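Presented as structure tokens, the chain that follows is alone, the form predicted alone.
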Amino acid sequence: MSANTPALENKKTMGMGQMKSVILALLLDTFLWTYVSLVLYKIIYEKMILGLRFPDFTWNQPITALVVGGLITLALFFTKFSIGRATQGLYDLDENKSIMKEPFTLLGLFIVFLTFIAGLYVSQISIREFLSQSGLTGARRIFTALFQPNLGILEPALFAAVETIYMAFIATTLALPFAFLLGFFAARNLMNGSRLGLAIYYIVRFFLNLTRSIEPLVWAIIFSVWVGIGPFAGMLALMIHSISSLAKLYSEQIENISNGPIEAITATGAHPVQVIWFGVVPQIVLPYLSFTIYRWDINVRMATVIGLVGGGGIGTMLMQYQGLAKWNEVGLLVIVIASVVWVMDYASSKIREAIK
């Protein structure tokens, strides 16, 4: 009886795994067919065929599409048109036959093509408007002004550029200790030793994913309301996003380290903090430096953009002159921004190259 127990457990595990794969395949197929139904009706039929610019929307439409998608899924699930079964490895594929000739591959290509056509229409791409006489005249007027920069504002533009660089530097520096600590708690290989560790891991990961999913531009709007318009709001926005982004990079680097030094130090009876400090940290120092410098480079670019919503720096100047349609001044600011970004990119690449 006891000899058969492992076999029964393995069979049960395999059965549960098979059931999970089937459920995921059904959900994926239902989602794809629901999406296809909605695109065919709302965009292809109502907008492209009927020519309705603003078709009516009711919640009955996605619900109906979901029902249609579910029915199509049930009808085609056990055929070679099931993308879900293909992604879950539930097909016995012929190795002598190209996967590009499989029905599920052709269906996937059709969905991509349908998405491309719908995207072209929703984006309202128009070559006629792009090459229209009035459009070309306006573009010529703007680009002529851009290539005739007003050097009279060079001094305030340089001061604003310096403000942007320092704002990015402080945001990166203040984010470092938080990201460094959170990186260890977000590394699964360090936190999977107990239920408490796994709970902390999932909480930290959720926090990092949440804060990283909100763009710095949105954070800048939030902090502009909170602390007022200026570089402080921009610095806070960059810091929050840098913490989550760096912590994610740091944790992934920790998850890829060699376990040999950790096991050796643990065998000596060292404290968990000593294990991390002597077994983990030496393996991650150089990648951490590279990630940090690269993040500063990113923050310099982002600092320019968040200035458009009141985050301070040269982006705020750009927003002001663009709003007044002073294109000669905008031209100078564009030159200064491009120069700063180029210099920072060159310097950061050289530093990263030196520490490898």
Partner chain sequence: MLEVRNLQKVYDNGTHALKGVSFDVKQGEFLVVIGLSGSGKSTLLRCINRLHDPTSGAVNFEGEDITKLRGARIRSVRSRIGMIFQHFNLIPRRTVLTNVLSGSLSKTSVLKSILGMWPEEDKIKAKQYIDIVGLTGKENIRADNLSGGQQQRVAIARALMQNPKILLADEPVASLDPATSHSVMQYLKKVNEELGVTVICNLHFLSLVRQYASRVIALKGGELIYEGKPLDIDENWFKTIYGEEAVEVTIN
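Since the model is a prediction, treat every value here as computed from it, not as a measurement. Residue numbers count along the first chain shown, from 1. Only the largest set of C-alpha atoms that superpose within 1.5 Å between the two forms is called the rigid core.
One more form of this protein exists, namely the form predicted together with its partner chain; it is left out here, but the text below deals with it.
Visitor: Heavy atoms within 4.5 Å of its partner chain in the predicted bound form: which stretch in 232 to 240, 256 to 264, 218 to 226, 175 to 183 meets that?
Guide: After filtering at 4.5 Å, what remains is 256 to 264.
Visitor: Answer for Leu131 alone: is it within 4.5 Å of its partner chain in the predicted bound form, judged on heavy atom distances?
Guide: Contact with its partner chain, no.
Visitor: Evaluate Phe278 for contact with its partner chain in the predicted bound form, applying a 4.5 angstroms cut-off between non-hydrogen atoms, and reply yes or no.
Guide: Taking the distances in the predicted bound form, the answer for Phe278 is yes, it comes within 4.5 Å of its partner chain.
Visitor: Does the 4.5 Å heavy atom contact test between Ala199 and its partner chain in the predicted bound form come out positive?
Guide: Taking the distances in the predicted bound form, the answer for Ala199 is no, it never comes within 4.5 Å of its partner chain.
Visitor: I'd like to know whether Gln283 contacts its partner chain in the predicted bound form, with contact meaning heavy atoms within 4.5 angstroms.
Guide: Gln283 belongs to the contact set for its partner chain.
Visitor: Taking 4.5 Å between heavy atoms as the contact cutoff, choose which of Thr79, Gln274, Gln148, Ser123 touches its partner chain in the predicted bound form.
Guide: Answer to the contact question: Gln274.
Visitor: Check each of Thr268, Ser98, Thr144, Asn209 and return the one that places a heavy atom within 4.5 angstroms of its partner chain in the predicted bound form.
Guide: Filtering the options by heavy-atom distance leaves Thr268.
Visitor: With both forms fitted on the core, give yes or no for whether the Cα of Ala161 moves by 2 angstroms or more between this form and the one not shown.
Guide: No, the C-alpha moves less than 2 Å.
Visitor: Indicate whether Asn259 shows a C-alpha shift of 2 Å or more between this form and the one not shown, with the rigid core used for the fit.
Guide: Yes, Asn259 moves 2 Å or more.
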